[in-house]
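Listed next as structure tokens is one chain, alone, in the form predicted on its own.
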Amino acid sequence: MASPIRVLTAVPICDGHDSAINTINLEFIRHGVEVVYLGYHRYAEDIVRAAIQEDVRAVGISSYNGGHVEFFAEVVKQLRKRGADDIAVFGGGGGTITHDDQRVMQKRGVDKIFFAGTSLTDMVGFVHERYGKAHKHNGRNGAPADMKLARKLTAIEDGYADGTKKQRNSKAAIRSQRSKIRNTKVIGFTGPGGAGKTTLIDELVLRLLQRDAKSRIAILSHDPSVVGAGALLGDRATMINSQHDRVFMRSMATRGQAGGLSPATADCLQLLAQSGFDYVIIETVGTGQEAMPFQSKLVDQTVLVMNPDYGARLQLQKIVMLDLADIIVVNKSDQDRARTAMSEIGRRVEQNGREQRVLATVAKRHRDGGVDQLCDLLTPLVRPMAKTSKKGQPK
């Protein structure tokens, strides 16, 4: 697939109106745009961090609660402060943004305001015409580390999109790549859509941040590309704890490749490892019975996340990842069928004749013990705490 336009869309803090932005997102996707959707009730800082890490061409903000003049201007200000002034800001708000507001906002650096009655076709045309070209200041000197890294990742993805790079999937190439990722723990998460992979990862990130005050974490999160069109990259919308300066998250579209990952995933992983991250978490597209996304051995441990309600027990015989995963997590285990699911999956895994663990979690629950146990299994080697004297001072 050709390299698409990437934009980020979001709704500001204290605003839960998402009907309009969801409609606009869908129209963008249908016309070949990759949309990183941050969700609603988002701070300006969250939007700017995500825009830089995702290396988008523009940020689209939908505001229906007022305060738009100050909020849009704050996003522009923070982008400029962080050296990302080539990321444009546009948006709209139905009848809440007046023409007088528009003039003030454009003086403060907002690129475009769409008013009520503007057709979706006009919005799509504007995005293609205005943001169809690459950044003018790509990789310039003095840019923040996150921006430099983000634009290197974009260059890798675009290399596969325009045909200048071919996926290195031979066994020798995979061994060569893996040998360069020695000091980074790579964890792969896969499972069907709706099982709660993203929420579980977000809770795991919280624990990793709390257990080690120096660790840096990267997340490569994958969503499917619509055939012949763009993609909705929506995992950030459910990330709360991962909005942290020690966390770098990149949303990736599959861009025509089957199996749950992008053609550029392995090279992007290698770049992140070389950039000094302690952990890289890879989340696949929601997968079915046939998917084996981590057979390349690029990950250290694989976690399969499942719903308790997977249907008849016969279905378990068809799920290939039950043979391959190191840890199987039955998430949403507060549901009625969870105990039966744990028993059936446990018996299924025993047939494999290898060491595998089956855990029950409720990722949405605060301080869930199952997520704590998962973190313990994934991080057996944690940096030792500094020894302290009797006075509590580091020795």
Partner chain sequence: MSKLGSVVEAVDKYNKFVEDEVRRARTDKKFGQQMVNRWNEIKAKIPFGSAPTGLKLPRLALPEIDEAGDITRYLLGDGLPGEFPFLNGAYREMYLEPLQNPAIEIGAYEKNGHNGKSQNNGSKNGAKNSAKAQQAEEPTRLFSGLMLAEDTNERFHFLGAHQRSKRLSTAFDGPTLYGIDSDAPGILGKIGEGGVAVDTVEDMVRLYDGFDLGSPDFSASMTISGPAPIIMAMYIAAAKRRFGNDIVPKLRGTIQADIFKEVQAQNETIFPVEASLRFLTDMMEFTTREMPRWYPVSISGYHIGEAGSTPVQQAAYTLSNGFAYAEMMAARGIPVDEFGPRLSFFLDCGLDVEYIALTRVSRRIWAIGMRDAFGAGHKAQMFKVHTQTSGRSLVAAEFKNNLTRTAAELMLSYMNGTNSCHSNSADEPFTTPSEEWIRLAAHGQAILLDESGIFKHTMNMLSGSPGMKAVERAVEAAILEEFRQIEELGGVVAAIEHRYQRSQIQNAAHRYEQQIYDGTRPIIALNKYRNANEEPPEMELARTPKAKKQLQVDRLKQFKKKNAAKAEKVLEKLAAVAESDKNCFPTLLEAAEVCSLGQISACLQEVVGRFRPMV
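Positions refer to the first chain, counted from 1. Everything quoted here is computed from the prediction, not taken from an experiment.
The protein also exists as the form predicted together with its partner chain; that form is not presented, and the subsequent description refers to it.
Note on the partner interface in the predicted bound form: the residue among Ala229, Ala143, Leu120, Leu271 having a heavy atom within 4.5 angstroms of its partner chain is Leu120. In terms of contact with its partner chain in the predicted bound form, the residue from Arg337, Arg348, Arg357, Lys364 that brings a heavy atom within 4.5 Å is Lys364. In the predicted bound form, its partner chain sits beyond 4.5 Å of every heavy atom of Ala213. Proximity of Leu26 to its partner chain in the predicted bound form: non-hydrogen atoms within 4.5 Å are present.
When contacts are judged by a 4.5 Å heavy atom cut-off, Thr199 counts as touching its partner chain in the predicted bound form. Contact check for Ala116: a non-hydrogen atom falls within 4.5 Å of its partner chain in the predicted bound form. At a distance of at most 4.5 angstroms from its partner chain in the predicted bound form, none of the three residues Ser225, Ser262 and Met292 contributes a non-hydrogen atom. The candidate stretches are 238-246, 253-261, 184-192, 150-158, and the one lying within 4.5 Å of its partner chain in the predicted bound form by heavy atoms is 238-246. For the stretch 87-119, the set of residues having any non-hydrogen atom within 4.5 angstroms of its partner chain in the predicted bound form comprises Gly95, Thr96, Thr98, His99, Asp101, Ala116, Gly117, Thr118, Ser119, in sequence order.
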